[in-house]
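In structure tokens, one chain follows: the form predicted on its own.
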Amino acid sequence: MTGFRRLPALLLTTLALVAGVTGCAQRPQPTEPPPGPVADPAASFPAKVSLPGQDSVTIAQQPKSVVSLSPTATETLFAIGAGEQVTAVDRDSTFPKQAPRTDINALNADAATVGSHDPDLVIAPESATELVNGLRAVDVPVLVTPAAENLNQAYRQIEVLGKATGHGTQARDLTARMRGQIDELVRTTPKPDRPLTYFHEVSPDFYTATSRSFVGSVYSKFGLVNIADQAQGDFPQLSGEEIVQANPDLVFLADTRCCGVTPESVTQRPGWGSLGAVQNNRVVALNDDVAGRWGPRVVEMAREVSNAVTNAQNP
């Protein structure tokens, strides 16, 4: 009897479930949202990339094992989010700390040594011609990165590295930030009554960089005048007498780490005690690596220059 008494309730429950299912079937079903734009999908490969003056390279798939033999490229790869793809870097790639450094020297390494890291993309400096030829002979994609001559070329190189590794959006975001930060530094730096002169020291034997070099282009944005611009080449060597005679308003030392030069030690050089830069504490110690590369940390270099120009007007 109990089973018969439950029968109407079971029927009602079944009808309710059937009605519910039918109702659900009649209502519009939620649909998956249409896929939005995806930043740098792996499907964007194969990618063909090139830098001015260099052969183009076609990369079949998003590289998973990148060997960077350029300290500037290494900094850039980590800054754009490609660090996990980097499996080996050269001995001079000192930044960032987590970069997998090896003892490879790009200038004398052979293809077999680099190939032992099983790369599917190698980033090499322009000077590594023999190595580049050797890698290409065994079909290893190699992107050659020449030294940038100005900020626009540096931005272009960062964005090409982004495209080559599947991080194009991050690379473009980075260059946009760099442009904005440097423009802001230039805009807010007080303008001196007259153009200030400077000497940029690359080594203790007075090798320097002119306004025609990349680092010189950074100084030029702040209106500084390079005392070495009359010399031949981008990185000429001056004599101590020439520097003393030119008496620059500012001295920037880009040989502090390599060679232990300090603002205090330069005062001991013959004749340097009479320099206006020395007497007015306008000798600036730079980070050699930052001053010698054209990567993301060029903003730090621009900030050092801005501070020096500002301080020179506030004795």
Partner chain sequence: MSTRRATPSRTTLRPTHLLVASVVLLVSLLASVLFGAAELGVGRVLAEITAQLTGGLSPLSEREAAILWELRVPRAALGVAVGAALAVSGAAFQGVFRNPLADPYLLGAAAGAGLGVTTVIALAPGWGSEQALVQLAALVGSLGGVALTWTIGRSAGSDTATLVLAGVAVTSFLTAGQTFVQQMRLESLQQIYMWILGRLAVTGWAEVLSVLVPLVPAATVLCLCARLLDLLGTGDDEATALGVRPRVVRSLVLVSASVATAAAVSAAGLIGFVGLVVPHLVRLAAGGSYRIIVPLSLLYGGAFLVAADMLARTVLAPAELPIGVITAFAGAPFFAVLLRTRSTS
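Positions refer to the first chain, counted from 1. Since this is a predicted model, take the numbers as computed values, not measurements.
The next section is about a form of this same protein that is not shown, the form predicted in complex with the partner chain.
Trainee: Does S56 make contact with the partner chain in the model of the complex, using a 4.5 Å heavy atom cut-off?
Mentor: No, S56 stays farther than 4.5 Å from the partner chain in the model of the complex.
Trainee: Verify the contact flag for G271: yes if a non-hydrogen atom of it lies within 4.5 Å of a non-hydrogen atom of the partner chain in the model of the complex, no if not.
Mentor: Output for G271 is yes: heavy atoms within 4.5 Å of the partner chain.
Trainee: Is there a non-hydrogen atom of V140 within 4.5 angstroms of a non-hydrogen atom of the partner chain in the model of the complex?
Mentor: Output for V140 is no: heavy atoms all beyond 4.5 Å of the partner chain.
Trainee: Contact with the partner chain in the model of the complex for G240, defined as at least one heavy atom pair within 4.5 Å: yes or no?
Mentor: The answer is yes: G240 has a heavy atom within 4.5 Å of the partner chain.
Trainee: Give a yes or no on whether each residue among R91, N105 and N247 has a heavy atom within 4.5 Å of the partner chain in the model of the complex.
Mentor: Contact check passed for all of R91, N105 and N247.
Trainee: Would you kindly say which of V186, A231, V225, A147 lies with a heavy atom within 4.5 Å of the partner chain in the model of the complex?
Mentor: By the 4.5 Å heavy-atom cutoff, the listed residue in contact is A231.
Trainee: By the heavy atom within 4.5 Å rule, which residue out of D193, D118, D110, D205 makes contact with the partner chain in the model of the complex?
Mentor: Of the listed residues, the single hit is D205.
Trainee: Among 149-157, 164-172, 197-205, 110-118, which stretch sits within 4.5 Å of the partner chain in the model of the complex, heavy atoms only?
Mentor: Selected stretch: 197-205.
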